[in-house]
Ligand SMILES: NC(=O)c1ccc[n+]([C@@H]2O[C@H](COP(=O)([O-])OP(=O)(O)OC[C@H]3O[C@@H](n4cnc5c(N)ncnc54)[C@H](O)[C@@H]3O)[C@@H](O)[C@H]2O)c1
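Shown next as structure tokens: one chain only, the form predicted on its own.
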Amino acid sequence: MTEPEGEERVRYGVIGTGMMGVEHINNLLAIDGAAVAAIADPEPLSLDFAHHAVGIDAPLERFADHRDLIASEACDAVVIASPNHTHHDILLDVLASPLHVLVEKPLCTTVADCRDVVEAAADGPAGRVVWMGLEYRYMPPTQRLMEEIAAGTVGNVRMVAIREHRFPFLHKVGNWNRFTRNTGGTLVEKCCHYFDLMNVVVGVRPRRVVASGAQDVNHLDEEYDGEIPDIIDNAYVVVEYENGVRAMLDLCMFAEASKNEQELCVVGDEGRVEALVSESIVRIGRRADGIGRTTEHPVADPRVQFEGFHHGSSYLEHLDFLAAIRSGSPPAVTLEDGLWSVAIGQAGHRSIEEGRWVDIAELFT
């Protein structure tokens, strides 16, 4: 790689070096002007994996405690990719420093904790970039879908439907992701991405949520320290927005045999646009063109230098994060965005538990 002319490298620290931490490292290694300078994780094996990703002979500082990384002055920016339930405390520690920060989804596991860190970030130094890692916004087919909506292709948006049919949750260190108390629940852990996309497409705040879901197939034969996992593996979630638009999520996590893991569809009064993410196709239909008439458009972003697990979206996200750091511009994805995506997930879980519509306002009182 060559360094951008006249610009020094931005030094990154990665806090949490499990699967997603290493994913972020691999993305950063592919970006001109970025350098991974430090890593932190209490698990020595996770540190070893991350060190090998950077290069075993590369200059790299290793820490068991994230607070030591923060104090080391080895970094200009940090990426938080630790388990969900640790985000709140780690973020508060990072936000007490001048470091730029990108935090992986979900922001926190509850609305209350999200509000804590949003408030802490507001008191930070001028020019410090605090970025919410909701990389599904950056998937090329999803970006094309949003461009079509902004261009008026569908007219006034009335309905949003998102389907994710995928494989079960992978194993994580200590199996922390098998329990709702650590993840916030499946609708927070996994689906905050989709609730964020709904919020972006609709453009106003969600008003109320109703959901039906259960743990029917996955992890029922597993046991950890005498506990059986309690994370749901399928759900339907309906979200009503303040402007009357409705959105729906169809989630199944025992559907490995699917051609498209993710499908997004937006319908307005003039047309319909859908993104088939796994196939990198956007399909467009306009009512004025007649019944059954659609066009398909393969989508790719030539800037992507590392595809990774998320179709190049993490790479594109990091390009924007780095650009914001260099320019001092505000983040394109904010902690408030993270808060509202968690709010829908938390409301969905409450709806499943209590069998009723849940007003979003309940979570803020």
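All residue numbers refer to positions in the sequence shown, first residue = 1. The shown structure was predicted, so the numbers you read here are calculated from the model rather than taken from an experiment.
Separately, the form predicted in complex with this ligand exists; it is not shown, and the next lines address it.
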- Message: Is it the case that E43, even though its partner is missing from this view, gets within 4.5 Å of this ligand in the model of the complex, heavy atoms only?
- Response: yes
- Using the partner position in the model of the complex, report whether V173 sits within 4.5 Å of this ligand, counting heavy atoms only. yes
- Item | Touches this ligand in the model of the complex: Q346 (any heavy atom, 4.5 Å) | no
- Query: Is E189 one of the residues lying within 4.5 Å of this ligand in the model of the complex, judged by heavy atom distances?
  - Reply: yes
- Note on the structure: Assert contact residue (this ligand, in the model of the complex, non-hydrogen atom within 4.5 Å, options A81, A275, M198, C114) equals A81
- Though this ligand is not shown, can you say which of D93, E104, D233, E164 has a heavy atom within 4.5 Å of it in the model of the complex? E104
- Do all of R137, R205 and P331 end up near this ligand in the model of the complex, with near meaning a heavy atom within 4.5 Å? no
- Contact segment among 114-122, 284-292, 173-181, 148-156, judged by heavy atoms lying within 4.5 Å of this ligand in the model of the complex: 173-181
